[in-house]
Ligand SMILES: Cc1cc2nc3c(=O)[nH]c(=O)nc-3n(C[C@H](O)[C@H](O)[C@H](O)COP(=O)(O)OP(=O)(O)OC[C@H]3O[C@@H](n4cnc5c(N)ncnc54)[C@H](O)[C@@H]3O)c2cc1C
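Quick heads-up: it's one chain on its own, the form predicted alone, in C-alpha cells.
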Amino acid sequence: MIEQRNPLGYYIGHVNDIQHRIKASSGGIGTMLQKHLLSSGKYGTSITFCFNAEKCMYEAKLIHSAEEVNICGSIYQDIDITQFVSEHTKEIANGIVVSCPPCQVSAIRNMLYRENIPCFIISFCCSGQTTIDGTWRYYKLLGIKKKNIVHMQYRGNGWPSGIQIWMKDGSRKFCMNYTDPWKTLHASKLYRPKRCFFCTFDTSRIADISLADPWLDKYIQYDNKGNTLFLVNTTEGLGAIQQMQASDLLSYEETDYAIYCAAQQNNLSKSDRVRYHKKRLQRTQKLTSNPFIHYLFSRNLFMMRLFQKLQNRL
C-alpha cells in the first residue's frame, strides 16, 4: 500500500495560454499538465470527460492524445473513475494520466501498480460530490427539462464562474458558483453519495499533484480569469511543473501551508467534523437514504431548507 506523504511544496499559479486559463475551472494547470504529459510521450493514455446530451450527464472517455482533452471545468457529478480504469486497463498504452477525487487516488494507484502500469495522478480538494440525480433535480428546480438540454458545465469559462446550461432553442442559463438552487441542494445532503458523509480528505497527498481553488480575498476580489493553488507531492510532479515553466507553459510562485489552510479551511476541517459529529452524520445519512424522506424533502427548496433545520436539531 502507498501511504500519504507530506507535500514537497505549495504553489499558486496559472497557465500562460489565456484561452486555456479561462476555459478551465481555476487557472488551468490541471488541464495543461494533462496535455503536457501526453504531448511529451512519457504517457500515452489519459481520461477526459464529455457531456452526453442523450443521457444528460458527463461520462469518462479514454484518450491517447493531447488534442482529445476536453476542457470542461470542474465536474460536480459523482463518477466512479476507479471502476472505469479497472474496465479499461487493457486499452492503456504507455501508462496513464488520471484526474480523480482524493477518495479514489489510493485505489487507482494501487490497482495500476499491481498491473505494472505507470501512472501520473492529478487530484483536487473536494467538498463532496453530488449524484447525477442531484443534477437532474437541479434542472427541475430551475424549471428546465432534461430533453431540452444540449450541453452543460458545472464550472469553467472564467473564475469562479458557475453552472452553465445550453438549451436546444439556443438560449443559455447561467447561475453563479454556489448560489441557489445548487447551494441549498448541495447543503441539504439529500443527493450526497454515502462515502462523502464520512470523508476526511482535504485532498490526496498520494497524488502527484493536488489542485485547489485559491479562496483568498485577493483572488476573490480581483481575479476573474483563474489561478490554481496546488500541492506538489512527488518528485515526478515537481519535475513536470518545472519543465512546463521552462517551456513557458505556466507561471507560478511558491507559497506555504498557512496560505493553503486559509484557502481551504472548510475542507481541512472535514476530519474534525467526522471525528466529533460522526453519530449525527450517520443519522443524516440514514435519513437521506430513506426513500420516503428523500422524496418528501427533495420536492422544492423550502422542503430542502426545512430538512437542513431538522438535521441541526437532531
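Remember, it's a predicted structure, so these values are computed and weren't measured experimentally. Position 1 is the first residue in the sequence shown; the rest follow in order.
There is another form of this protein, the form predicted together with the ligand, and it is not shown here; the text below is about that form.
For the chain shown alone, Phe51 is not a contact residue for the ligand in the predicted bound form, no non-hydrogen atom being within 4.5 angstroms.
None of the heavy atoms of Tyr191 is located within 4.5 Å of the ligand in the predicted bound form. Although the partner is absent from this view, Leu211 contacts the ligand in the predicted bound form, with a non-hydrogen atom inside 4.5 angstroms.
Residue contact check for Thr184: none of its heavy atoms lie within 4.5 Å of the ligand in the predicted bound form. Between the ligand and the residues Phe84, Tyr76, Trp166, Trp136, the one pair within 4.5 Å by heavy atoms in the predicted bound form involves Tyr76. The partner is absent here, but in the predicted bound form a heavy atom of Cys100, alone among Ile206, Cys100, Ile241, Met152, sits within 4.5 Å of the ligand.
Listed stretches are 243-251, 275-283, 36-44, 261-269; the contact stretch with the ligand in the predicted bound form is 261-269, by a heavy atom cutoff of 4.5 Å. Residues from 21-41 that approach the ligand in the predicted bound form with a non-hydrogen atom closer than or equal to 4.5 Å are Ala24, Ser25, Ser26, Gly27, Gly28, Ile29, Gly30, Thr31, Gln34, in the order they occur in the chain.
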